[in-house]
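Before any questions on how it binds or moves, here is one chain, the form predicted alone, in structure tokens.
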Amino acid sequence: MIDTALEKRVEEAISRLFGRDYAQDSFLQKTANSRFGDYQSNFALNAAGRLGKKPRDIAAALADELKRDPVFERIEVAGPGFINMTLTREFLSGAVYQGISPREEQPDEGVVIIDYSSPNIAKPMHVGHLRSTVIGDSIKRIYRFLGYKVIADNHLGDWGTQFGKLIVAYRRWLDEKEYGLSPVDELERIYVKFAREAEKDPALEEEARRELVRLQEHDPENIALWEEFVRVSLQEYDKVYQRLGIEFDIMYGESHYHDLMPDIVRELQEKEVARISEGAVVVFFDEKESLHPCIIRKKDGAFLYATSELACIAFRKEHYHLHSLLYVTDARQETHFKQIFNIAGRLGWNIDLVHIPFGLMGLKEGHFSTRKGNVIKLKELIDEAVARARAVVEEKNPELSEEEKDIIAEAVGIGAVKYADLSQNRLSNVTFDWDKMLSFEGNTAPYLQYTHARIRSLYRKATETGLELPPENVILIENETERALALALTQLPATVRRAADSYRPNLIADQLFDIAQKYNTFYNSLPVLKEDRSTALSRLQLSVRTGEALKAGLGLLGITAVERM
């Protein structure tokens, strides 16, 4: 990885001149303008105070030391003490040929469990589930690529007050014919109907509470209905996950941890983390933490979501050798996780717990709500995206077989949906817009997929004309256009690491877009196959490495790189 290799060289030079303690200040970054070289270090500015020297003097000494390193073509001191570095063509060529770093075996520090998606049983998945699902899946792919052991966990919402309401609605208003055609849609319809009817007849709420108690007491009829709701919901969700290319290692719902909750309450009280307050078991927090009290068990004996969350952590702690637990949920749950993490710490559970929040997706009129009936179902979004992609494929490549058009349309349509989310800062709120989400223009998955397909087409054409790439590196990098592309390619491995460290897949999307733009500039301005053999081989190999980088990067976003488009 070029950034790591350069950082090591700069750190070693700093250590030789100033001592090992100063090496950590060797901040290195790619220059924004090629006039200032390829990379830049502001070490001299950072260390001037500690060293008691002028930044320019420090920079000059370090520049002289770095000039002895054969990987640098040019070293210059600029401004108040910046060090600009230009790499040799040979070093840059070798880095491009090496490609994106393969996964590395990480030390056996345990597994990373990523908790994401988490739909509520008996409700169709809608676009509001998209962010957690695709962000969590991308983080999983990134961590696995880097060599971590990862468990993907879909923590299903399969327990709670909604099931009392659903049981009442099921017995009163179920349309068996519609249920046979689309069970989860029918369950959603009757759930919405319950909310509307309960506004007119409050007695329905009391009836629902009674049915919920019967369910919690394992009444055979209510348990059988609940199991039916779970079964048909999982069948529906699996169809969506399969189309999105999403896979989980475990799918435990809240009900899985229900029997552990009494032990959690007991431990909280024994360790004096929680106490009785007005008949309820409550955890209180220090004033400086600005957290409101967390109810663990209500005075009627009912457990809450916080109890379930703590039971889940306890289960994972007991059954897995943990490295960390990552929770991918919307930002509204930030306070909840602050409470949970605080309580886990006070219990003495030494676990790395991380909440990865993201902004909400909503409509111009407000948030999605099943009760309001304004949700856009995820399967409908996927169908629309694929249909639009199919029309584009039909226009661009009518000679392809119907089967191939369908395969490409599925990859391109779903890629567009995922990328529209993953290419944005996850903390930003997103307003749902059909045209924007499914756009094929600009910084989109179809643009990246098209660039990859263009490279594959070029490679096929080269092979047909007898131009075969040798096993050794033949990349020459003879002009600024090639150099700009090569530098963009060498940035991808370091970008993947930054994306992992900050849980931001959009960094990878940004880098892929930069690579694609620079490749298309290269492709449109420099002949590849119509050059002399050595130049043609060089540019073909640079193209192939670009295609490999795009494919690998798209894969980390859960997007398929197509061969044709």
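So that there is no doubt, residue numbering starts at 1 and follows the sequence shown. For clarity, every value in this text was computed on a predicted model and none was experimentally measured.
Another form exists, predicted together with the RNA; not displayed. Remarks below refer to it.
Q. Is there a non-hydrogen atom of R454 within 4.5 angstroms of a non-hydrogen atom of the RNA in the predicted complex?
A. Flag for R454 set to yes.
Q) Do E482 and the RNA share at least one heavy atom pair within 4.5 Å in the predicted complex? A) No, E482 stays farther than 4.5 Å from the RNA in the predicted complex.
Q) Hey, in the predicted complex, does F285 get a heavy atom within 4.5 angstroms of the RNA? A) Contact check for F285: no, nothing within 4.5 Å of the RNA in the predicted complex.
Q) Does the 4.5 Å heavy atom contact test between P446 and the RNA in the predicted complex come out positive? A) Residue-level check for P446: yes, a contact with the RNA.
(Q) So the RNA isn't shown here. In the predicted complex, which residue out of H321, K299, R210, K193 has a non-hydrogen atom within 4.5 Å of it? (A) Partner contact (heavy atom, 4.5 Å) among the options: K299.
Q. Within 4.5 Å of the RNA in the predicted complex, heavy atoms considered, which of R332, H218, R231, K239?
A. The residue from R332, H218, R231, K239 that makes the contact is R332.
Q: Within 4.5 Å of the RNA in the predicted complex, counting heavy atoms only, one of 386-394, 180-188, 200-208, 342-350 shows up; tell me which.
A: The contacting stretch is 386-394.
Q | Residues of 56-90 having any heavy atom within 4.5 Å of the RNA in the predicted complex, listed in sequence order | A | Contacts from 56-90: A78, P80, F82, N84.
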